[in-house]
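One chain follows as structure tokens, the form predicted on its own.
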Amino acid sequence: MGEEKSCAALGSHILLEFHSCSANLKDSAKVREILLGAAKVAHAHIVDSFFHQFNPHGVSGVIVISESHFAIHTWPEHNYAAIDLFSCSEDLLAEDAVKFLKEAFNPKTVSVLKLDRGNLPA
């Protein structure tokens, strides 16, 4: 058998699925405020952000941070939000961001998937 090598990841990616949210998922300003708040509590270094309000409803947005990005897509007609938190910094407080987002969107059901990204041979 071949020799096993340990791998170091370039980043961590947290995928959140929020079902039955009580927050207003139609309002791009509110969704932006919440995602920016999550970036701030995580101590992310915000570079820029862009949010788009779809017609008749739904919001897509991204916050570019020095550590990578936070992104969201909402489906208000289903009270559903898909959120990505990607970071290449061990200093980012991602769990604090997750807690903040749960409190702000108030979903009844939450799915969390954590992935190591960019696994490189040591």
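Only a predicted model underlies this, so the values are computations on that prediction, with no experimental measurement involved. All residue numbers are counted from 1 along the displayed sequence.
Below: the form predicted in complex with a further copy of the same chain, not depicted.
Would A23, I34 and A104 all count as contacting a further copy of the same chain in the model of the complex, using a 4.5 Å heavy atom cut-off? Per the other structure, none of A23, I34 and A104 touch a further copy of the same chain.
Closest heavy atom of L93 to a further copy of the same chain in the model of the complex, within 4.5 Å or not? Although a further copy of the same chain is absent here, L93 would stay clear of it in the model of the complex, with no heavy atoms inside 4.5 Å.
Using the partner position in the model of the complex, report whether D27 sits within 4.5 Å of a further copy of the same chain, counting heavy atoms only. No - in the model of the complex, heavy atoms of D27 and a further copy of the same chain never come within 4.5 Å of each other.
Taking the shortest heavy atom distance, is L10 within 4.5 Å of a further copy of the same chain in the model of the complex? Although a further copy of the same chain is absent here, L10 would touch it in the model of the complex, with heavy atoms inside 4.5 Å.
In the model of the complex, is there a heavy atom of a further copy of the same chain that lies within 4.5 Å of any heavy atom of H43, even though the partner is absent here? No, H43 is distant from the partner.
Residues in 70-85 with any heavy atom within 4.5 Å of a further copy of the same chain in the model of the complex: Result: A71, H73, W75, H78, Y80, A82, I83, D84.
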